[in-house]
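Shown below, as structure tokens, is a lone chain in the form predicted alone; questions about how it binds or moves come after it.
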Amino acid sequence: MTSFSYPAHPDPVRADLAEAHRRAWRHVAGPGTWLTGAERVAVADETRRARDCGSCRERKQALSPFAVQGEHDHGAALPETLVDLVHRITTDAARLSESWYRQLLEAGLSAEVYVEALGVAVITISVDRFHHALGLPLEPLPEAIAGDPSGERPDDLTEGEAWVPMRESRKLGKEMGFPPGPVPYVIRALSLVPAELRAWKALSDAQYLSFDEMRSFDSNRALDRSQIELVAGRVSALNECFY
């Protein structure tokens, strides 16, 4: 695979970052847990389309996004519920509501598909924003890989702590090598679909820090740890992240 070559850029891109992006694209392209490879690539495509969606733009400017009716500008490859999910997550995540999530479930979307689509969208946004930051054109989306979804569903799920079921905190933490104690919700959020959690972790290890590196204040990056956290905090604030 010759993608993510980053040739002759004024800001050299680490080899492990390029490889992490290739792995992420292979993950997006392959059959997932509840979605096919074609559906997953379509989710990535809708993540990009959302940035130029007229309906999303109108909702973003409205006092309440749920006061604006209208169809999204979409690629016609996914059901309406999944298109709405991807577009709202991409353009106005801070104003999502549990009642909206429940409406998606009532319309036939499962919690498992919700989490898997979220995982694919997060990967696509992360890779695309990296390219935007460097002033590079976006990498073409991968060709879908044929195959059936695995249907893997954890057996240690808990209900009621979030909108979606999540894996039990301490068991998940032990498997992922966390120190004793509860696992942060930002880690558990994708745990209903373990493959998406593993893929997010692999990309986060390269673009930010691994779990082990988070516990150390030394840095093997070009930036020191305080600089890394300053950038991370500012990006979180601009994106209206909250946990």
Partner chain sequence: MLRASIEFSGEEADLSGIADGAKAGDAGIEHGERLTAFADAAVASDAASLATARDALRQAAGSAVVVDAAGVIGNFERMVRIADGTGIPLDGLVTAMSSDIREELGLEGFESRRLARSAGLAGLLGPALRRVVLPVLRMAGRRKRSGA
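Numbering follows the first chain given and starts at 1. Not measured: the values here are computed from a predicted model.
Beyond the structure shown, there is the form predicted in complex with its partner chain, which is absent from this document and is the topic of what follows.
Interface residue among 78, 172, 144, 96 relative to its partner chain in the model of the complex, by the heavy atom within 4.5 Å criterion: 96. Just one of 56, 183, 28, 42 comes within 4.5 Å of its partner chain in the model of the complex, counting any heavy atom, and that one is 183.
Using a 4.5 angstroms heavy atom cutoff to its partner chain in the model of the complex, all of 163, 228 and 237 count as contacting. Residue contact check for residue 61: none of its heavy atoms lie within 4.5 Å of its partner chain in the model of the complex. Although the partner is absent here, residue 122 is a contact residue: one of its heavy atoms lies within 4.5 angstroms of its partner chain in the model of the complex. Contact check for residue 113: every heavy atom lies farther than 4.5 Å from its partner chain in the model of the complex. Using a 4.5 Å cutoff between non-hydrogen atoms, residue 33 does not count as a contact of its partner chain in the model of the complex. The partner is not shown here, but in the model of the complex the stretch 13 to 31 reaches within 4.5 angstroms of its partner chain through a heavy atom at 13, 14, 17.
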